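Below, in structure tokens: the form predicted alone, a single chain.
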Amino acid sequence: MEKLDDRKKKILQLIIEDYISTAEPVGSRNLARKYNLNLSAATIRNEMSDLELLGYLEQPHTSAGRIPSVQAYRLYVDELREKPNNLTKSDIEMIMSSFNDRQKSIDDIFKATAKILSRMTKNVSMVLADQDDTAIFRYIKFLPLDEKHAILVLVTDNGHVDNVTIDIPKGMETRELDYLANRVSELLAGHPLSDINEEILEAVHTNVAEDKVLFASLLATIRRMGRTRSKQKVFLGGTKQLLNQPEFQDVDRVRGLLGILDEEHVVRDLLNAGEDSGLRVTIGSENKFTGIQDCSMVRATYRLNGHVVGTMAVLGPTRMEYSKVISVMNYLHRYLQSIFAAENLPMLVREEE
């Protein structure tokens, strides 16, 4: 493919950014008037004709202006766009306010993430919380509530947190609960939840517990958490945002896309597609799934201690504001790290490209 000179690259960049902003085809006269290029409209028109011949621009039948092609967006994402914009103070405050309430588990955190991601990018957000049965028991803790109750917290190596309120024996002191938690953690640490069977649990019971009611609550929590690790959970945000995009004013088109998003197994397939890692952008026909081949998707996969725990994605028109979307996702990555650190859990790490 012919390499573009600096002037063509600059003109293409401005066309893409103007179209992202206005959703209107861009003409040479408009480009000359809006931007200080020190070029005549005729020169710009000639350059745009060359860009069209090279496959970077397309001309809608009803317009004299041009719009970017998938090839143009790919070049823009890979080479032309500036580094992601720094988020504004109000953007950062919006993110922080979304996580003010103390989330109790990774599920809660990802649910809040889906909501704020769609709100800030004005596109559909999809978050996949990975919940396979390979989760490894890490530790338990008791958080006393009052003389009769405590919160039993169970943490796995991939950061998932389960908790339940349990009754504690009358007169049992905090140090006794701590001792029980430490002993159980020592005996079960490193065991996959799916492998913690009756035999292992009975051995733990024999070693550490005298109160049968208290220990029954502990075992029930471990069993329940093991059962709920059998599938990936999907959280969606902003499906109604599609209706505000000019590209999705066609009822049949938006109905088809909403139909895809309504099928949880299809969304899981979308987010699990490919073996790549890190932040990835797929544009238009680069998407292999029928129904989203006129959309773009920005996706990032996250790990804890070597295990995939979640995938976040933004789905929208090819005219999406890529710099803003990527900036938000990068900031959320760092902010989630701070949340996990504050909760004294393993740090969330995005897979590097």
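Counting begins at 1, following the sequence as shown. Everything numeric in this text was worked out from a predicted model, so none of it was measured.
A second form of this protein, the form predicted in complex with the DNA, is not displayed here; the remarks below concern that form.
Taking non-hydrogen atoms only, residue 42 approaches the DNA to within 4.5 angstroms in the model of the complex. In the model of the complex, none of the heavy atoms of residue 69 sits within 4.5 Å of a heavy atom of the DNA. Using a 4.5 angstroms threshold between heavy atoms, residue 28 counts as touching the DNA in the model of the complex.
For residue 317, no non-hydrogen atom is located within 4.5 Å of the DNA in the model of the complex, even though that partner is not displayed. Look at 281-289, 318-326, 294-302, 43-51: in the model of the complex, residues with non-hydrogen atoms within 4.5 angstroms of the DNA sit in 43-51.
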